[in-house]
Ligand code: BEZ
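Given next, in structure tokens, is a single chain: the form predicted alone.
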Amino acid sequence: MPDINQFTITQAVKDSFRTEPGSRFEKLLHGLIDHLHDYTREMNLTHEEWMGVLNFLYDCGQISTPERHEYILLSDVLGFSALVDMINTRGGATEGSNLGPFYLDNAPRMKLGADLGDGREGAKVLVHGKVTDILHKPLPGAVVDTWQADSSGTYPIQEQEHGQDKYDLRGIFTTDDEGRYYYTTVLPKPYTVPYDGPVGKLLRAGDRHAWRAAHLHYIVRAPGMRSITTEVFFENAEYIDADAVFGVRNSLVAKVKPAKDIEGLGFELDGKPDALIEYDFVLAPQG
């Protein structure tokens, strides 16, 4: 019978899994066990603290719904999401940023030039640009999936009980023959991440604010290319230097410009913009 103690238990747990030697799964699992056990020993974790962690994770599961993923939010505020994005950004491609807890994978397909604002109050902006490869060759037929908060910093998905359609301020666009995408919408405002659950309690316990810099969300895809999940922020905006989920990158900050000479762009638009934002997305090849 093996003598299992606080120092030998780590290897015993790893040996209990009959993983394929040298496999990626074995490496991930064994690394997790090593770090978890090392942390527990280093912190000399008490029973109360251990149970507190388990209850916290349980509470995250209890508040999560198909429209709100508290574990993604936890990953975001701990910088875990941002770190994974940074590690997985390919050279030359647009940098990744947070998916966030409110993504829906079945947003409506929209024609180029459509207005996502749907009559909402706030500054109306034309958002446009190109999707290209790393050699700056346009990618016709690329898919640009976007979603956002409104001019008060609220996502419609958060206001369903007040009659809001959860698919408002969302749309999926397909780039034209020149790789262009364009649409109008309202300029979003900063907002706090959901603060009424266990992650909010964690932020308050750590004396941290919950504000996100205003942004637009995107997932961009094209055949044969690696998709990107990212956000576009606005120059000189509030919280741009202190985003609660560490999503801001210098390369993801765009200027909001007056809507001058808009006719020269040749876009057919459903809405008349007050300002414009131009941002090009770059995709790297798969593999």
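Numbering starts at 1 and runs along the sequence shown. Between two forms, the rigid core is the largest collection of C-alphas that superpose within 1.5 Å. Here the structure is a predicted model, which means the values were calculated and not measured.
Missing here is the form predicted together with this ligand; even so, the following discussion is about that form.
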field: Location of this ligand contact in the predicted bound form, chosen stretch of 136-144, 99-107, 114-122, 85-93 [non-hydrogen atom, 4.5 Å]
entry: 99-107
- request: Identify, from the list Ile157, Val193, Leu202, Ile172, the residue with a heavy atom within 4.5 Å of this ligand in the predicted bound form.
  value: Val193
query: Do Val245 and this ligand come within 4.5 Å of each other in the predicted bound form, heavy atoms counted?
result: yes
message: I'd like to know if His217 sits close to this ligand in the predicted bound form, meaning any non-hydrogen atom pair within 4.5 angstroms.
response: yes
query: Can any non-hydrogen atom of Asp76 be found within 4.5 angstroms of this ligand in the predicted bound form?
result: yes
- prompt: Is His128 close enough to this ligand in the predicted bound form to count, meaning some heavy atom within 4.5 Å?
  reply: no
- request: Compare the position of the CA of Leu139 between this form and the one not shown after a rigid core fit and state whether the shift reaches 2 Å.
  value: no
task: Please check if Val199 moves between this form and the one not shown, taking a CA shift of 2 Å or more relative to the superposed core as movement.
output: yes
